[in-house]
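Alright, two takes on the same chain below, each alone as C-alpha cells: structure 1 and structure 2.
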Structure 1
Amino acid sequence: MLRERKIAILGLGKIGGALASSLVRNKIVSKENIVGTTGHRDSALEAAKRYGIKTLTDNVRALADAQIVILAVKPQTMKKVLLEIRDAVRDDQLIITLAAARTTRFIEEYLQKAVPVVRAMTNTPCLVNAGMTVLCPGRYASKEHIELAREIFAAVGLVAIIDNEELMDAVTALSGSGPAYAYIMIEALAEGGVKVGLPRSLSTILAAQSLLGAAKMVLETGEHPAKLKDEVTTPAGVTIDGIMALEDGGIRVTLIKTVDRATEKSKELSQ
C-alpha cells in the first residue's frame, strides 16, 4: 500500500534523512516516490547525494504530488514552513509531524484547514531499524491515517499509539532523547573497561552489546527488568559489587530526574 504512495519530507536533516534512507533501504517506498527538502541549496545537493532521492529547497513544489507530507524541520522553523505551505496543502494529504514540542493543534491552526495531522515522536535508531516511534492523532486524523503512519514507522522499529497528546512531552524526554542517554552510558561503561585494562575498541563493543542484549531481553521475554537483574546477580558474586557502586552513584534517581527534567523542558518549549 505504502510503496505506491508519494512522500514529501520537509527537512532532510538528521531525523528526516534517517527516515528517508531507512524507507528506501527497506524497500518500503521506492526512491522515485520520495522527495525531500532542506533550507539551503548546498545541503539539498548533499542530501540528494547521500540518500539518493530527489531534493529541493522549495517546500510547495515538493508537496504538490505527495499523498503524505512529513514535517521534519526544527520546532523553531515550523511556523515559517507552515505559513509557506498553508495554501498549497490539501485536506486529502496526510501530514505527519516529527517536531518536538509542536502540537497537532499548532499545525492545524497554522494550516487553517481540516487537514489530517498525525504527530510522531521517533528517534535516530530508526536508521538501523531499531527506532521507537510514538504516534498520536490530531483532530481530523482517522484510524486509516494512523494506520498509514504506523506502516511507515513500523518499517524502522517499534511503534506505539497514544490518544492523550499531553503525554508526548514525556515520550520526547524518554524515547526521543533516550538514545543520547544510552550513548553516555555506553561511553562511560567503556571508559570503565579501559580503566581496568581492556582495549577501547573491545571495551566499547562489550558495553554496547551488553546494553543491546539487556534491552532485547526486556522486550522479548516480557520479564520485569528487576527479575532479569536478579538472575545476573549471584550471591557474593561480582555483579552485586558493581551494583553497589551504581547505587552509591545514585544511578536510579539520576535517570528518573533525567526524564523528569527533559519532560519539563519539552513542556516549556511547547508553550
Structure 2
Amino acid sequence: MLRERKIAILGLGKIGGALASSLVRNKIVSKENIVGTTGHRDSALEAAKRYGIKTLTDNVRALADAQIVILAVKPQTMKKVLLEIRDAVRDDQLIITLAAARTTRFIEEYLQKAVPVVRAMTNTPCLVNAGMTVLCPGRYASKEHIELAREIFAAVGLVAIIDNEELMDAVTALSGSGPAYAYIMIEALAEGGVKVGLPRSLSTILAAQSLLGAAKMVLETGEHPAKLKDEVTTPAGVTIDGIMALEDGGIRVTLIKTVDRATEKSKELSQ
C-alpha cells in the first residue's frame, strides 16, 4: 500500500530520521517519494546526505505533494507547526502525529479540518528496528488509514493498535518511557557484575544481552513471564537467592509505581 505513496516527514530528528532511513532501507517506500524537513539549512543538507532523501526547511512546501504527513516534531512546538501548515493541509491527506501528550482532537482542532489523524506513540529502540509503536485513530481516520500507519511503523519494530485514546497516557508511561527504565536495570545489573569481579565491558554485555534474550523469549514463546522465570529458577539454586534479593528490594512495587506515576504525568501534560 505504501510503495507509491508520497510521504512528508516534518522533523528529521532521531525518530523522524529513523523512520526515513528504515522506509528506504527496507524498500517500503522509494527515496524519491520521501521528503523531510529540519529547522536549518545546514541540518537539512546533512539529513539529505545521511538519508538520501529530499530535505527542506519549509514545512508547507514539503507537504504540498504528500499523501501522508508525519508530524515528528516535539510536543512544545506542535502548535506552532500546526498553525504554520493549517492552510496547506488537505482533507485527503493522512496526518500521523508522534508527539507525546498531544491528542488527535488537539491536532484536528488546530488544523480546523475533518482530516484523518492517527496518533502514534513509538520509542527510541526504533533506531535499531526494535521499537514498539502503538497507534490510535482520530475521529476521521478509517481502517485503511490505520493500515497505512501500521505499515510505516512495522519498518522499525512491533506495532499495536488501540481505539481508546485515553490509554495512550499509559502507553507513553510504559513503552514510550520503558527503555529508560530498562537502561537503569542494565546499568544496575552491570554494576553488580563489577561488584563481584567482572570487567565492566563484559558485565554490561552480559546484562544487556540477558534482558534482550528474556524479552525475546516472552515475545516469541507467548508464555507468561512468571512461567519463564520458574523455568530458570531451580530448587535451592543460584537464581532463587537472586530473586529473594530483588523481592526484598521491592522491585515489583517500584516498577508498578514507576508506570503509575509516569502515566499521571502524561495525563497532566495532555491537559
Ligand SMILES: NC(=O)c1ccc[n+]([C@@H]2O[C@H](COP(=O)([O-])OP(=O)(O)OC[C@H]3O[C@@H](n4cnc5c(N)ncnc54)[C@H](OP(=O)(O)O)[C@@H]3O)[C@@H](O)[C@H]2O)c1
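Think of the rigid core as the biggest set of C-alphas that the two forms share within 1.5 Å after superposition. Numbering runs along the sequence of structure 1, starting at 1. Remember, predicted model here, so these are calculated numbers, not experimental data.
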Point to revise | Identity of the form predicted together with the named molecule, given as 1 or 2 | key: 1
Practice item. Determine, after fitting the two forms on their core, whether E32 shows a C-alpha shift of 2 Å or more between structure 1 and structure 2. Key: yes
